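Presented below, as structure tokens, is a lone chain in the form predicted on its own.
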């Protein structure tokens, strides 16, 4: 990481949105690649923050301000990254399950997938099985359905949604990937999901594998 990227990363970690935007603009002005800024500064910093959160060295308020600072930088880069996209690997519908209002992890996964060449339909939070199904019917080209949960109490909604997909005759038409802090690979197997992703970077790679487009 260059000195300037370390400065961007530090501004993300400390939640300084204005500083992040200023430094991202400076990096672009000197000709740095938008993707390099995203990977080596913004995502790298957020990965560190996520690890600190998992280790309980920081708590939700710090995680939230860091995520907002990262998003401030991403918003500047998004149009440039979009222009760089050459190939689309397909459509992914993603949402946080019913009863769960957590958005940060899902949004990071959405951004990583979008940068990785997928069209993203983000249904937001508190998404019912019926809404997942309706979105799949409205977007029949969808290859992957992603579900997130940050609460153990909402994890069963993932199973409920998969069962609803089966009843609607849609289960064999889409791959299902799940994730979130309390979610495990064992739980994914238990509810017959196709895959589990422990983080946003893994999610991008696993989704590509699910659609037969490995890096």
Partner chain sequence: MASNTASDKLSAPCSGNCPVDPAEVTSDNGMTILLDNISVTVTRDDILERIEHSPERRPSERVLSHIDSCLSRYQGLISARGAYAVRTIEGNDGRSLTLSGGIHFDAWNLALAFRGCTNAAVFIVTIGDAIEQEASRLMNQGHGIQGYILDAIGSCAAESAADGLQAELEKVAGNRNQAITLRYSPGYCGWDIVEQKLLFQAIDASRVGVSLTDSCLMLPRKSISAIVGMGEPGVVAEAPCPCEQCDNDSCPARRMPRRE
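Predicted model, so just to flag it, every value in this text is computed and none were measured. Numbering follows the first chain given and starts at 1. Between two forms, the rigid core is defined as the largest C-alpha subset superposing within 1.5 Å.
The discussion below concerns the form predicted together with the partner chain, not included here.
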Subject >> Listed range touching the partner chain, judged in the predicted bound form by heavy atoms within 4.5 Å, from 62-70, 39-47, 164-172, 25-33 >> reply: 62-70
Subject >> Contacting member of 91, 107, 128, 135, with respect to the partner chain in the predicted bound form [4.5 Å, heavy atom] >> reply: 107
Original post:
Among 14, 58 and 152, does every residue place a heavy atom within 4.5 Å of the partner chain in the predicted bound form?
Top reply: yes
Original post:
If you check in the predicted bound form, is residue 78 within 4.5 Å of the partner chain, heavy atoms only?
Top reply: no
Original post:
Heavy atoms within 4.5 Å of the partner chain in the predicted bound form: does residue 143 have any?
Top reply: no
**OP:** Give a yes or no for residue 102: in the predicted bound form, does one of its heavy atoms lie within 4.5 Å of a heavy atom belonging to the partner chain?
**Re:** yes
Original post:
Does at least one non-hydrogen atom of residue 111 fall within 4.5 angstroms of the partner chain in the predicted bound form?
Top reply: yes
Subject >> Core-superposed C-alpha of residue 200 shifting 2 Å or more between the shown form and the other one >> reply: no
Original post:
Does residue 61 move its CA by 2 angstroms or more between the shown form and the other one when the core is aligned?
Top reply: yes
Original post:
With the core lined up, does the C-alpha of residue 19 move 2 Å or more between the shown form and the other one?
Top reply: yes
**OP:** Can you tell whether residue 199 sits closer to or farther from residue 61 in the predicted bound form than it does here, judged by CA atoms, where the change is 3 Å or more?
**Re:** closer
**OP:** Mind checking the CA-CA distance of residue 207 and residue 67 in the predicted bound form? It differs by 3 Å or more from this form, so is it closer or farther?
**Re:** closer
